[in-house]
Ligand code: DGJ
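One chain comes next, on its own, written out as structure tokens in the form predicted alone.
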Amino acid sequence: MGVFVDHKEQLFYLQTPTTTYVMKLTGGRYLTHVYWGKKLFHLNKKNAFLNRMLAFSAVEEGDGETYTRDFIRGEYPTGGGTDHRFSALGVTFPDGSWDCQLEYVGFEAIAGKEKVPGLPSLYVEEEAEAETLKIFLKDPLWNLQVTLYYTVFKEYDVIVRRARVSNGGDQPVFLNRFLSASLDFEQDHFDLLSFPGAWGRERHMEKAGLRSGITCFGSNRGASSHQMNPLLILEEKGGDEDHGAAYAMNLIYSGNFLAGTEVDQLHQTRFFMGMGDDNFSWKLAAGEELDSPEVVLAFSSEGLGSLSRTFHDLYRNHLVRGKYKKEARPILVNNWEATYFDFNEEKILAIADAARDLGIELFVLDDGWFGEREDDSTSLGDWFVNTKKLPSGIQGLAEKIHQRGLKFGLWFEPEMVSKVSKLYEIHPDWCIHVKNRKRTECRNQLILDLSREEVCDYITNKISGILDSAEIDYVKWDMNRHMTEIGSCGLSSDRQKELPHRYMLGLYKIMEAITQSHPDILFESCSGGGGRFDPGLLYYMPQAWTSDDTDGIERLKIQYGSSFAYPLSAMGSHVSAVPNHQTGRVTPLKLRMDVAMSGNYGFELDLSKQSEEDLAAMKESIALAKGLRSFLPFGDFYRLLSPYQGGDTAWQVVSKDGQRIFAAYFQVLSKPNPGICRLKLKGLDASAFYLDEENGEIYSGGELMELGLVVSLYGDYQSKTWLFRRKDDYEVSD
């Protein structure tokens, strides 16, 4: 594991448990990429020789006639020079030129890992868990310095990359593009997996072969967005869940991003990811520096399933922080779909009483408790209690909820302001806006300008004040619109395009202050559901509301797609009423509960109005979920059947000690004369025996994986779950 430098051959090796990443100095000046894949123990120097002349490609003075950067596989390519492909760094210099030529200066290898200033990042608890290589580059004409960071974790097949740009000159320069990583492959024999969507259908996996030219994905909405997730995967042609090479990039950032591929004239593939450049420019004054967000590069030679499990373990152990990092989460009920804005204390307590009787542990009060909030047209920013609805205030309500044996949670939307609010009356300039232009609204709200220190301080103090005023155990942090008229009264004219990134820096500062000063509160992020479901927010909040769409059938695709990088412990998943409020679909309660159980389990309906039969089923399901939550969110996740191929879905979780197994099968539409259907499990010990906890039957691991379980379901929207326990004391009778 770690960093090794071959000084003689000018090669840099990064070794993970089963992979190798190699870079080389070409021409003694340029950092180039050689290899990333299955572990290598030796590399012949001739195999790392990348020089080649191409017809119609320019040669830089002094490099000879057999060398052009239009061919070599660059490690951090820049614009304006002889490499005409997509660049990772775009700079405008004081004379207006943009030809940036980074040359190698040196390197440093250190134990452990440094935190990224002002940004979420992976961390280590002990230096021995990781090593970091820093490579120093410089444009000698303008003294622009770039440091590339590569962190290698001892236990994971990942390379964590980022960059820092420093202006060592005496005049300002402007960054027009600043990506975290770029990577070149020799060939294009890949399928590209992306995760697009919309509100209510986030992270639907799409798969397509690469094509010549540039293919870009991203968000310019001010958030990572419902429309595209900052995750891309290159899958070797013919690969699947268990076979073939797979390469992934996932950005630890919650704002605008850019990611994509470029297949060039020689069928080489450039793979890149970082902050978005559509609404981006950064004035870097003399002596200033800027850090990019981290991007996680993960590799698996054993298919997509292994790749995902690497992400899951890495994020659970080195991204999520605090009390709930490895702690089972409480089962909750949220009143939003039960009451929307139409509630009073009596209604709330009736739902809480029903929740207590079912064994639910946490009641969450959603939107509508503050200011004069009777609908979504007013009061965002006015963080004081609406005593007409809650005469005893938040403190009194929290006490009554706790007296019933439940924890108490509260919804906030701290980043927004309503035009009809006391805050907007006093500070109409505190929102993001362009002077003399109309301020467009979404959900009757505007976005507060978090690039301004006084706004960040206001939010931090107001939210902290509420949290300190009562015993609050959980916070749902929402954000319900994207940026328009992107401008700030607090920035000069030559810095206006810095606003989207400065907003994220402000948001992260606020979240760091509030979450660290309230370590016992469980925070859950939300943005109209899954509009900021990304690694950036997982650093501050260990779970996220996966989607506002609570329909059990839609959730199959959403949660399945999310699992390609994000663990079940990150996914909020609730049971809601039927007809479903987002789709109008009517599904059995069992299916809704079985889907929601594969996540942080909760309910989103009026429990005081359910039938006795449904309440009994809920109570039984809640008891089962309590028995599963010690391992289900934290175990090894296996995708068994894809909802994108045939409709039916199945997945499985194996506990880390291999002792418990949960499997679930979901039939969307019934089929006439379906024939025999078997579900083959994965990740078991073929020679071990496993007890089906429902019926007491014993199966060998081999037969569960090779022969499988017979699935016989009748009707649309049906589900079946299994729970097995390993039986090491079982002996086969003669």
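Computed from a predicted model, the values in this text were never measured in an experiment. We number the residues from 1 along the sequence you see.
The same protein also has a form predicted in complex with this ligand, omitted here; what follows describes it.
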Does any heavy atom of Arg443 come within 4.5 Å of a heavy atom of this ligand in the predicted complex?
-> yes
Counting only non-hydrogen atoms and a 4.5 angstroms cut-off, does Trp411 reach this ligand in the predicted complex?
-> yes
Spell out, yes or no, whether the shortest heavy atom distance between Ser306 and this ligand in the predicted complex is within 4.5 Å.
-> no
Taking heavy atoms only, is Trp545 within 4.5 angstroms of this ligand in the predicted complex?
-> yes
Okay, which stretch from 514-522, 588-596, 527-535, 554-562 lines this ligand in the predicted complex, with non-hydrogen atoms inside 4.5 Å?
-> 527-535
Which residue, Asp473, Asp139, Asp157, Asp366, has a heavy atom that falls within 4.5 Å of this ligand in the predicted complex?
-> Asp366
Contacting member of Trp336, Tyr76, Tyr638, Tyr539, with respect to this ligand in the predicted complex [4.5 Å, heavy atom] = Trp336
